[in-house]
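Have a look below at one chain only, the form predicted alone, in structure tokens format.
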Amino acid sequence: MEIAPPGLKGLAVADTELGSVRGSEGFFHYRQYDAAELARHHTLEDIWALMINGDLPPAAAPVDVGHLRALPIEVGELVDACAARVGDPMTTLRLGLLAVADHEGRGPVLDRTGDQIHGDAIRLAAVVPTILARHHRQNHGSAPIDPDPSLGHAADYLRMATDAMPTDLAARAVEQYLVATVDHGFNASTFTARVVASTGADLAGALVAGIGALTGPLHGGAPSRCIEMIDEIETPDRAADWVRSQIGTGGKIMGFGHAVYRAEDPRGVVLRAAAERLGGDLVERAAGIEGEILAVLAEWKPDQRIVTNVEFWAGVVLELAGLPRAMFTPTFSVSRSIGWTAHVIEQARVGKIIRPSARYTGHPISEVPARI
């Protein structure tokens, strides 16, 4: 039996045509295209078509999701009932996705044709922002806002969550965040979704499993914590002492360091530029604080390159776009659900269950004692 390294680190466990991450280069791609460049120049719907249909429009068919964001009445009522009683939007999201699939008869992928699985993928990813926005409003005592099929996915999500039409600049900044986080190699949630899909389970079940992995603090991160850190530090001149204090007490420094990247996180580069276009005091303070934190981290570990990760500038962008902080981490699932569904489609074509072995390290085998 071959023994995999802890956490399967550095071990390829599947083939994929959907993309990969080259951490030492500070580069990642969706299919054959530089993902950071896609975030700079393309819409979320373009990237959706790339992931699901194989290429950017017009080379591949475009994805029209505006009319697919609406929830069945019965599911909307269920989401409202859950949101009124449960604070966590990710809990409501899991319930809502399962309810949509059940209501519409979207059964196990093993029993679905390729076209049906493709349709399930687009439909279920399309309702994610609707469920999240509806949860937020119901949880805060406000009436839900129905989706507007004439708007882009990012703009409509902001509108449904905040009850205000976003500016073009804010909608585009959030869209760039969503594009930059659609997929990111064989991360924990993507792998989890593919394992579930490999059993032939329904697509909603695979998505819910991916969401479950995403809720773990070691994976999903929390852009809201980065904003809270900036609030606590207040000004760049206070950052160095704050970081040294955190290092001294073993505290976390949110938004810095990454399990894969040793060069600059390209997603953070894209989002910093998006934040700078939005402008304002927060951006100026964040930039100053970032520089001071990086300087102290370089002084602390001169033999390692600790970089700003996507969470730091994502928090700034989402804050400036007007999203409530409680919705920052759930917003990640708006984009990543697109990547998960693309992986489920790919895994369904493999048609083989993921079933590794485990090395037993317990007590030696012995005779079963007689029952007294």
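Quick caveat, the model's predicted, so the values are computed rather than measured. One-based numbering along the sequence shown. If you superpose the two forms and keep the largest set of C-alpha atoms that fall within 1.5 Å, you have the rigid core.
Omitted here: the form predicted together with a further copy of the same chain. The next part is about that form.
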| query | finding |
| --- | --- |
| Within 4.5 Å of a further copy of the same chain in the predicted bound form, all of A4, K9 and P356 (non-hydrogen atom) | yes |
| Location of a further copy of the same chain contact in the predicted bound form, chosen stretch of 120 to 128, 76 to 84, 280 to 288, 234 to 242 [non-hydrogen atom, 4.5 Å] | 76 to 84 |
| G205, P144, P266, P166 - the one with a heavy atom within 4.5 Å of a further copy of the same chain in the predicted bound form | G205 |
| Contact assignment for a further copy of the same chain in the predicted bound form, among S224, T181, Q138, S198, heavy atom within 4.5 Å | S198 |
| Proximity of R305 to a further copy of the same chain in the predicted bound form, heavy atoms at 4.5 Å | no |
| Interface membership of R31, a further copy of the same chain in the predicted bound form, 4.5 Å heavy atom rule | yes |
| Contact label in the predicted bound form: N309 to a further copy of the same chain, heavy atom within 4.5 Å | no |
| Non-hydrogen atom contact L38 with a further copy of the same chain in the predicted bound form at 4.5 angstroms | yes |
| Residues from 38 to 64 in contact with a further copy of the same chain (non-hydrogen atom within 4.5 Å) in the predicted bound form | L38, H41, H42, T43, D46, L56 |
| Rigid core superposition, H363 Cα moves 2 angstroms or more between the shown form and the other one | yes |
